[in-house]
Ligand SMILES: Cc1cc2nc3c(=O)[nH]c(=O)nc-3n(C[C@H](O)[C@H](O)[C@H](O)COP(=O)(O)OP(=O)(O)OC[C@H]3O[C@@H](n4cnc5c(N)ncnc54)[C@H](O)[C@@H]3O)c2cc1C
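Here's a solo chain for you in structure tokens, the form predicted alone.
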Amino acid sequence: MNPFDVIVTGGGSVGLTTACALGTQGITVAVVEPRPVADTPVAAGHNPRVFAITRASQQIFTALGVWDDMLAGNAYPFRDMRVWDAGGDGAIHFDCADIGEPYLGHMIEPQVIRSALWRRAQSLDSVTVFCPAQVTDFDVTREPVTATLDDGSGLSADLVVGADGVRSPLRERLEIGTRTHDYRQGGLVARVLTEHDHQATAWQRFLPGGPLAFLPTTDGWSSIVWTLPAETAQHLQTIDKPAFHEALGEAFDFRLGRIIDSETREVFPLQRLHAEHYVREHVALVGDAAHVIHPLAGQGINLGLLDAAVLAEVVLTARQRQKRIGSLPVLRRYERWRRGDNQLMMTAMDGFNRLFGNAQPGLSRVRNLGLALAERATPAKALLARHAMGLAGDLPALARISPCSD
């Protein structure tokens, strides 16, 4: 057995953030990842998906020493956000200048984040990466817990962290139940070029079938996330470019002029998932293994990164107090800290999806009145923006932004 303090199953953005947050503080970590990871992003600037990274997530990456690497890879700051309802004239505008910030957040491609974290993990003496490798067996009934890899080698640790995605093999192996809901919607993503510049602004229009977002990226291109009924999304993925451009431009009310070019279209199914438990003795779930929410606010990745930062803080505090880092009382502190916040965000996204996806005239009037009132309520709007940016709330130390951080 190769002994470690922590085993992380899954080398995606959340798993690697967890490993780096622990490893930079001397906790020995084994990361087990089945997919090969490139040291440098492949075809940077051409991924149809981007993550909207909040200021809190940026601070986590800064504290781990990877933010400059991400900026060099392909991170695009956005300064404004405009939201409006297709069923009326209600609209709300968020401007970073109104809350005294240089920007609202950054759009970053997933492979840029993962590659930067991968390089950081490999630079840490306390982190060992097993890749490509898979865990074929766990034994969490004794101390230390053990994991057997597909090459026959074994790992032992006091804590196993499941960062292995929505279909988490660790969660399923331990028979941790989930509460799920199929939205029967598809998220269509693509990179598009518009007639007019995106103005470093994130745009979102609420349509009866779901929201349509244009997220600004480099060279004037935008990454779209279009929530649609599943069959409609599949249809729009397959039609020819001119027909797609026309349908997309019309859905967006030609706010940025006509669509003049686009790249590969992808569709992913949308669902909600929440694990009934985040922790067991010697086990903790983070990121998509613990929760999946509707993407209309782009908060999924940010919630997972906060999971990683909170779990690292809880583990480090336990180590300093000479407690077993995998004990259930220690891990329950992580669960109490994160579960309520994640549930609140999940419920809010469900509410927005139902409210703005309903074409009833009465609800349309309520929506538009609500947007108009929110736009005029400057203090409330600023508070909402600060929470969405990760500048308020019960944040872990890694995510707290100091007054001089910019």
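Residue numbers run from 1 along the displayed sequence. What you see is a predicted model, and the numbers here were worked out from it, not measured in a lab.
The discussion below concerns the form predicted in complex with this ligand, not included here.
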Taking this ligand in the predicted bound form as the reference, which of Pro169, Gly90, Pro144, Gly209 has a non-hydrogen atom within 4.5 Å? Pro169
Give me the residue from Gly390, Gly23, Pro396, Gly10 that has a heavy atom within 4.5 Å of this ligand in the predicted bound form. Gly10
For the chain seen here without its partner, which of 299 to 307, 242 to 250, 332 to 340, 95 to 103 has a heavy atom within 4.5 Å of this ligand in the predicted bound form? 299 to 307
Would all three of Asp69, Val192 and Pro216 be in contact with this ligand in the predicted bound form, where contact means some heavy atom lies within 4.5 Å? no
With heavy atoms only and a cut-off of 4.5 Å, decide whether Arg114 touches this ligand in the predicted bound form. yes
Might Ala52 be said to contact this ligand in the predicted bound form, defining contact as any heavy atom within 4.5 Å? yes
4.5 angstroms heavy atom contact with this ligand in the predicted bound form for Leu311: no
Hey, in the predicted bound form, is Gly326 touching this ligand, heavy atoms inside 4.5 Å? no
Enumerate the residues of 148 to 177 that have a non-hydrogen atom within 4.5 Å of this ligand in the predicted bound form, in sequence order, or give none. Ala163, Asp164, Gly165, Pro169
